[in-house]
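The data below hold one chain only, encoded as structure tokens and taken in the form predicted alone.
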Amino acid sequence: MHSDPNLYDFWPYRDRPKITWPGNKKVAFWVAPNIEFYELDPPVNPSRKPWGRPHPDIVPYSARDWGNRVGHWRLMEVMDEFKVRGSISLSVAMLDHHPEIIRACVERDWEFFSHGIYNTRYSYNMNEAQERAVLEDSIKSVMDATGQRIRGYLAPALTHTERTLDLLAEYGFWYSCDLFQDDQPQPLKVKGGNRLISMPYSLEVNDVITYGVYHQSPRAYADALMRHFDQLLEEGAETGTVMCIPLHAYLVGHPHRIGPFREALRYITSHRDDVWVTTAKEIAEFYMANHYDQSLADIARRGNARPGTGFNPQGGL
């Protein structure tokens, strides 16, 4: 058991080297619709149950199915309205279950990244071969269906093993959305000398948390999104920040919720002179080319660089 995962070094927010986004924009803004598939009766994982009630729990199953039938299409139209491309957090099995949605995203030039195969098959208790199979399937299947080489990963249902991030780096992924430690990208400590960064995602403005945990109203959610943006915009005058809105169509796509979300998106995109409306892949590519090395150098200069890699404090293979 480790007391600290050692996946990244502590790095105080103030006085870091300045991040300058393309066009001198202050905030890199991206939206992450989670397009997921939840199985009614998935294989048993001893560490987590897929549904809260005994099988067959058809109520939450059908509520999530509504997201793919109705909510996703409504959400796409709103994002189209403000010319926001999505970075799709994809349950890769959706390529087979609902190819209509995949085609609609490809037509819009949206990015895809892997969210595992199903959101009901967890990383807990996977052996290395199984975890490698998930990554290899994700890379090949998305490439075959869309022509895109995926570069990002969000573990299925936010479940991990100690080797997950090392494997991402080994397979040529650029970013992970599974850590929530910062409002800027940060290099991660992985084996093998490959580069992998933590991409700011969010639990705080994630609609799952908003509606499922905080039980906020749609207008309160929209207000939170705008205040969240205002603060990052203000701080972005000093050094570039990142704002992500993670979404789930089965939540934000409902008729009474989509209107307030539209207002928040209108507000944020009305600041395009200061906002880089982009995708996670484009942020990662730019950061790794322009700011990755200076970040590592600053962490070292402050004396905060610790030895080893994630769950491997002594280093070595």
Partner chain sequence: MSILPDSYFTYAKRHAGPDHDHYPASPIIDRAPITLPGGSSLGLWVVVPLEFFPLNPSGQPFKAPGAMQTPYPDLRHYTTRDYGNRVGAYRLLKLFGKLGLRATFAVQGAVADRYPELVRDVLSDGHDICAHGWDTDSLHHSGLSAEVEDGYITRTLDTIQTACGYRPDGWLSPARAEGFATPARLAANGINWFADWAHDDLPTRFRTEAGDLAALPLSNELDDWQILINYTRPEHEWAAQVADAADWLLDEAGRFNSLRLLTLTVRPYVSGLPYRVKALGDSLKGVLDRARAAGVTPRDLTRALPA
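Note that the structure is a prediction, hence the values are computed from the model and not measured. Numbering follows the first chain given and starts at 1.
Below: the form predicted together with the partner chain, not depicted.
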{"query": "Partner contact for Val92 in the predicted complex: the partner chain, 4.5 angstroms, heavy atom", "finding": "yes"}
{"query": "Contact test in the predicted complex: His97 vs the partner chain, heavy atoms, 4.5 Å", "finding": "yes"}
{"query": "Heavy atom of Arg272 within 4.5 Å of the partner chain in the predicted complex", "finding": "no"}
{"query": "Heavy atom of Ser198 within 4.5 Å of the partner chain in the predicted complex", "finding": "no"}
{"query": "Sole residue of Glu77, Asp223, Glu238, Asp182 within 4.5 Å of the partner chain in the predicted complex, by heavy atom", "finding": "Glu77"}
{"query": "Contacting member of Ser114, Thr120, Gln186, Ser87, with respect to the partner chain in the predicted complex [4.5 Å, heavy atom]", "finding": "Thr120"}
{"query": "Location of the partner chain contact in the predicted complex, chosen stretch of 286-294, 272-280, 38-46, 23-31 [non-hydrogen atom, 4.5 Å]", "finding": "38-46"}
{"query": "Any residue of 58-88 that, in the predicted complex, places a heavy atom within 4.5 Å of the partner chain", "finding": "Ile58, Val59, Tyr61, Ser62, Ala63, Asp65, Trp66, Arg69, Val70, Trp73, Arg74, Glu77, Val78"}
